[in-house]
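Only one chain is given next, in structure tokens, and it is the form predicted alone.
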């Protein structure tokens, strides 16, 4: 009887996942409005902190290897049990074979209680009780993709847009004055050295990666002591430069990470 009840539960879960993943038109169904609102308001920086807990078992970067669990890059909207060769639990494998996908609804339920959402899962995580925490984590996971999942009710995400937090630009303004202002002008408009904002700067750097700008600054600045700036100081200076060139602060920090910075494209 217990085995029969388990099989029934698995069948119900599989059906629910498939129905949640598709509308009658074959397109992704709109998320539950309350869940969509929570994800739309997600604190992505808080989500990234939560995601760091996942790295005990999972990698989160593109092409990352399988650890105890499979890679989670581009997981939102992805097919369930997508990683070839990974030993998924039978119920998880069944969901994948049935065409289930990781909709935001299923992710929300699974993150709340893996053991009761997919009965028989090998996921040892106990779950996140907070709706806000789950929304923050799902919101951040959604940004970890070359082409983040588009879902009705949720704003489009462009993972190539440079990002920084307001405090970084505020501190960067002071660092800029100390390290760059004498040559590039007090507000980055140029002096004995070229401007770091406006048409000339933008024409030179348009279409190039933030990593190129970061690495150029790292190797060549300041002029009287090339290579003398710490990476965190450079990050804050560049946050200030982004602000001066029209980029608005957001919930994600400017990170000193080559793989991340290589994905960010300067567009003016």
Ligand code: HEC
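Quick caveat: nothing in here was measured; it's all calculated off a predicted structure. Residue numbers count along the first chain shown, from 1.
The form predicted together with the ligand exists for this protein as well; it is not shown, and the discussion that follows is about that form.
Proximity of residue 217 to the ligand in the model of the complex falls within the 4.5 Å heavy atom cutoff. The ligand is not drawn, but in the model of the complex it has no heavy atom within 4.5 Å of residue 64. The closest non-hydrogen atom of residue 97 lies beyond 4.5 Å of the ligand in the model of the complex. The ligand in the model of the complex is approached by residue 184, whose closest heavy atom lies within 4.5 angstroms of it.
Counting a residue when any of its non-hydrogen atoms is within 4.5 Å of the ligand in the model of the complex, the hits in 42 to 76 run 53, 54, 56, 57, 58, 68, 69, 70, 72, 75. Compared with the form shown, the residue 231-residue 51 C-alpha separation increases in the model of the complex, the change being 3 Å or greater. Relative to what is shown, residue 238 and residue 50 are farther apart in the model of the complex; their C-alpha atoms differ in spacing by at least 3 Å.
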